[in-house]
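Read the single chain below, which is given as structure tokens and is the form predicted on its own.
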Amino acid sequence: MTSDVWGGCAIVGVGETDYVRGGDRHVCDLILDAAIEAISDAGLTPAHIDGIIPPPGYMSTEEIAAHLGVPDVAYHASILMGGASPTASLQTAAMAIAAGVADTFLICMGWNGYSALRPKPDARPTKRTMNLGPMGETVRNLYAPYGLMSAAQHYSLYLRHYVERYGVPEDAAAAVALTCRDHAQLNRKALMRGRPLTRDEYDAAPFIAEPLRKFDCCVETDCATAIVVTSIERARDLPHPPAVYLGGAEGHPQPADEIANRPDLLELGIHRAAPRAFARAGIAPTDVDVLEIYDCFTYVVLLQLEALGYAEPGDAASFVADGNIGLEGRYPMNTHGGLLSQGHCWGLNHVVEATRQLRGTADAQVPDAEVALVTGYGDLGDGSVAILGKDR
């Protein structure tokens, strides 16, 4: 089976809603809209779908199948890695397709990441919440009693350590934030399109939890995205050039759902996933043309770039300097604006953007893009990597 997993399947359809704050649509409606768009984009119908990976907590496989009219679900799986889940889902779909247990997968993600915390008086009520698994119990029992409530506060425990251990300059985080905002100006669906960001505005923003300033944090949004994955043989008969899944991996820190007792606070899941992903894809970091890096926080991007091998530990500042991650740079990054400026859809929007880059249809298109790398990052340090390429 191994030889058929890496390079044996491809993304053939993508869909996404607008990225909004306080929309009137129920989160389940958003998820179904994105799914319908992805299936149509693939040139397929719901009857062709026989594998589903649903968004954790918000909709079940059975609900999605019933609403879409999927007649026979041969396989489904739920991936519980927070923001690392959607990218890790590609590995699950690839293995299932290679094993012959399903032919065509729908992977979808959606949530009301803004309006759930700010319900409107006339909004349709919902009790649908994200399933946080063991991490939720850790936060509830060990962190919340001491005032650690938000994601920014949890992550600041090791991001502050990262800054102090290596003397990471604020210029590096600012470069990530400003680059993502610049790219969002070219993306028709980006929440922050029309709202450019200057360095002075970045510097003047308050700290949320040091070292994180306001613009180091991703934007809260209501949104949904979806992709369709099938075998490379079938993909070649469908309307769009396939985005081939060349290789991928997941990784977990130890212990995965707790921070304070880790032997090394900066040894995270992405450090373990990255070498496996590059080996499976048979490429080196320098072979990549486009980077779509999970950017819940700017300093998390810097850590991932080092874990991927683009910089030595503590030296990501050099990698992101001088326009290297801009559209004209050697490694254009988060060409859609990322979670920082397009919107937060748990990283599946990064996979959608990578697919469009390889198709040559992105709003901020990188010329001659042939290999794209996507990362996922979730919970308290889980990591995933997906490497996509053009069909050869």
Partner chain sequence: MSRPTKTYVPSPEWIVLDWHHACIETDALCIQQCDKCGRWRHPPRRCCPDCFSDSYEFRPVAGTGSVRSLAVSHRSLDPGWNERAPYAVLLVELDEGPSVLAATDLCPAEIEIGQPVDLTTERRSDDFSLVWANPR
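Residue numbers count along the first chain shown, from 1. This one's a predicted model, so the numbers in the text were calculated from it and none came from an experiment.
Here the subject shifts to the form predicted in complex with the partner chain, a form of this protein not shown in this document.
Engineer: Can you tell me if N261 lies within 4.5 angstroms of the partner chain in the predicted bound form, counting non-hydrogen atoms only?
Structural biologist: N261: contacts the partner chain in the predicted bound form.
Engineer: May I ask you to state whether D289 is within 4.5 Å of the partner chain in the predicted bound form, using heavy atom distances?
Structural biologist: Flag for D289 set to no.
Engineer: Closest heavy atom of H161 to the partner chain in the predicted bound form, within 4.5 Å or not?
Structural biologist: It does: once the partner chain is placed as it appears in the predicted bound form, H161 has a heavy atom within 4.5 Å of it.
Engineer: Taking any heavy atom pair closer than or equal to 4.5 Å as contact, tell me whether S156 reaches the partner chain in the predicted bound form.
Structural biologist: Yes, S156 lies within 4.5 Å of the partner chain in the predicted bound form.
Engineer: From the list R195, R236, R276, R140, which entry has a heavy atom within 4.5 Å of the partner chain in the predicted bound form?
Structural biologist: The residue in contact is R140.
Engineer: Report the residue, out of A99, A74, A204, M149, that has at least one non-hydrogen atom within 4.5 angstroms of the partner chain in the predicted bound form.
Structural biologist: By the 4.5 Å heavy-atom cutoff, the listed residue in contact is M149.
Engineer: 89 to 97, 166 to 174, 312 to 320, 252 to 260: which one contacts the partner chain in the predicted bound form at 4.5 Å, heavy atom to heavy atom?
Structural biologist: Among the candidates, contact is made by 252 to 260.
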